[in-house]
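Encoded as structure tokens, the following chain is the form predicted on its own, with no partner shown.
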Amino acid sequence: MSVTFAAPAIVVLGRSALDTARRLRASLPKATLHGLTARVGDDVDVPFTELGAHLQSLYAQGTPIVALCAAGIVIRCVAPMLSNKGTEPPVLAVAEDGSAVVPLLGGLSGVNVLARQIARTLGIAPAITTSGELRFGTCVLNPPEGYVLADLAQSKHFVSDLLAGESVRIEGDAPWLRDADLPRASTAARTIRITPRIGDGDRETLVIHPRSLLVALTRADGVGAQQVRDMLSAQGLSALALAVLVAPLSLMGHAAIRTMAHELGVPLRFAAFDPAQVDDWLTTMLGSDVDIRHDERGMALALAGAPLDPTQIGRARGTLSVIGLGPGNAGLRVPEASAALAAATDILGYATYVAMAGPFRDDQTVHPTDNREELMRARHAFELACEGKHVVVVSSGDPGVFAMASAVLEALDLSDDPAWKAVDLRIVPGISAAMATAACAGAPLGHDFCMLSLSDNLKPWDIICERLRHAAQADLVMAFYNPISRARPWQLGEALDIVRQWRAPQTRVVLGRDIGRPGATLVNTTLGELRPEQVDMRTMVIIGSSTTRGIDGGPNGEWIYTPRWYGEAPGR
């Protein structure tokens, strides 16, 4: 039986479980590895600090949970979340050494199927205890991908009746039940009916809808989810049997169509068909025996003889996510960035940052490039997204701070290709180097501050000098990006000479090198003591204002902070 799950979260509490967890991640499409920071560190996709809160968050999001720990721990963590048996995600406990897999929750969402898949990977037998599956060899109330129960509440008694000795007959094509050990009889009162038609609520009939209906739109105005439901109802068809909503490529940018698909709970696909010849396209796509019907709103309804695979119809709207990896530590990467990487088909970026974003699955394509190829990289990303792919462009820190978000938007601004503007573009924030360094030092950015790049690759040096003068005169805390390199060893010294015209020698300075990465160093010094040779390209330089202070404590014996007040402190 084939069941499609959301990307599972493989949760580990200690390093002893990592080998097993990585085997499972390699076998489960788009799975992510989640680890308890205090015991595992950042050698995972998604770090977390508190197990109970993390498992409850995953459960609330509907994410399948594969926890490599004792079953009792998992049960106690998710117990407060248990309410609706019909909507719970699969939850399993797996022994750290891979010697056991125990499905705990999600019998109606395929937990036993997932348990068997994990068991095959580990070469063991799953500990399945569901009575219906043990008796019949399948979960009758959990049909495979492409089929859906018409009414779970009305169907709950059905398996109990079969277990109590009632026989059953099957109407329609149910290939996954052919080898099931069901008590069949041609005269049985209980019926499993496979049909796209609306059921009559008969207590003795279990209705399962094949997702075999397709609705093709020819326009974006005057139609919505309710109009689709009304059209299906008028034909005696269930909205649950709808497999996919299709629209012409020209309508890809219309938000109303995306909203319609979301409300209907079906995939939205786009195809190159002429609305006036939609029947020809449907016949070519689905076969000459497809049943096509129309309504006055310009919608075409196609009834196929078997469940439809949306991924084989047209293409999806491409997505392009520009993400920030943070300073390098996976623990400082925002969850939305990790989720974008897990969902990506293609990952682009400067080779160093792409390596930081990994590891990647075999089904993901990586496109590393040189650091100076930003616009070319951005254009390539749009081209891939226009093919319907899920593209991620990676930056270190925050993508909007001297990074790829601006380059991506510039490429879009310069393009006259309407397909680029139809791409689902998202900018995912990250923790910048300035923020990470400031947090390690204390709070030097606690009052007004500015960020300046000292690189003159993209702007003239005289503009940099002018901005330095204004920032120094304004008494702003300054964070210097790209402070020095082998190609321009003199620029930081000249920049400091400018700042020293308006700042006292005792002005506090923080130097953070590779903060958030292995070998990170943090140095507290003063403007008078600072020398360019203390800094390299991987150093963040934060120069305080006239109010920036130091107090006892901190990683170097001193916390550096800039008070929220300006001038004399209240009560001081």
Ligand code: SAH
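All residue numbers refer to positions in the sequence shown, first residue = 1. These numbers come from a predicted model, not from an experiment.
What follows is about the form predicted together with this ligand, which we do not show.
Asker: Of Trp420, Trp502, Phe402, Tyr147, which one comes within 4.5 Å of this ligand in the model of the complex, counting heavy atoms only?
Answerer: When this ligand is considered in the model of the complex, the option within 4.5 Å is Phe402.
Asker: Let me know the one among Trp281, Phe449, Tyr481, Trp176 whose heavy atoms come within 4.5 Å of this ligand in the model of the complex, would you?
Answerer: It is Tyr481.
Asker: Using a 4.5 Å heavy atom cut-off, which of 65 to 73, 33 to 41, 50 to 58, 515 to 523 contacts this ligand in the model of the complex?
Answerer: That would be 515 to 523.
Asker: Heavy atoms within 4.5 Å of this ligand in the model of the complex: does Thr539 have any?
Answerer: Thr539: yes, in contact with this ligand in the model of the complex.
Asker: So, Gly349 and this ligand: in the model of the complex, are they within 4.5 Å at any heavy atom pair?
Answerer: Taking the distances in the model of the complex, the answer for Gly349 is no, it never comes within 4.5 Å of this ligand.
Asker: Any of the heavy atoms of Ala433 lying within 4.5 Å of this ligand in the model of the complex?
Answerer: Judged by the heavy-atom cut-off of 4.5 Å, Ala433 is in contact with this ligand in the model of the complex.
Asker: Is Asn142 close enough to this ligand in the model of the complex to count, meaning some heavy atom within 4.5 Å?
Answerer: So Asn142 does not count as contacting this ligand.
Asker: Of 382 to 396, which residues get within 4.5 Å of this ligand in the model of the complex if you count heavy atoms?
Answerer: Counting only heavy atoms within 4.5 Å of this ligand in the model of the complex, the single contacting residue of 382 to 396 is Ser396.
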